[in-house]
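Listed next as structure tokens is one chain, alone, in the form predicted alone.
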């Protein structure tokens, strides 16, 4: 992967960046995403934020290779502190890290409001949705994709009000309405994984164990969501 050839995961994130956006990519991973968007004339300006010197140097190398120094600014900073007022950033991407870390990054910079947040947590997606709801962002789109054997979720949010229930926080309010095939596949596979564990527990007469009951509850919830999705 490089700036000219994004992974399916990053290409999906890139597709949600509005044309002409002023972008901040936090935890930019070689600055592949913003460099790609600039090279394809989708955007004209971006900041690539990194919290450690090594990743920052990787981003600088990519920027220099494509002669983007005047359009793509690498910054060493913690989270949203990479964004300066004069950058006039309207779109923020935080991708490829845990949902609770994304939640912490957003919370630390919550004094600012952005026109669009594009978030791709690897785990704990519910934590991200909870933060968005509590901080006056509405989820406008979601997508599940499979890249290199892993399921990833992309959550897009814009300023607004929302009141999500526990099911929507766990499975995604937009996902539940769209009932996308990849989203269903992810949860069907998760259901199958849990049912195999339950069978193993049944084989050793552990149906009264707390672990078994927890799995049973999760399987029931998945079945309920899938049965009513898209309705």
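Residue numbers count along the first chain shown, from 1. Computed from a predicted model, the values in this text were never measured in an experiment.
There is another form of this protein, the form predicted together with a small molecule, and it is not shown here; the text below is about that form.
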(message) To test your reading of this chain, name the stretch in 64-72, 197-205, 174-182, 46-54 whose heavy atoms come within 4.5 Å of the small molecule in the model of the complex.
(response) 46-54
(request) Consider residue 14 of the chain shown here, and say whether it contacts the small molecule in the model of the complex, taking contact as heavy atoms within 4.5 Å. (result) no
(request) Spell out, yes or no, whether the shortest heavy atom distance between residue 154 and the small molecule in the model of the complex is within 4.5 Å. (result) no
(message) If we define contact as a non-hydrogen atom of the residue within 4.5 angstroms of the partner, is residue 107 a contact of the small molecule in the model of the complex?
(response) no
(request) Please check if residue 146 has a heavy atom lying within 4.5 Å of any heavy atom of the small molecule in the model of the complex. (result) no
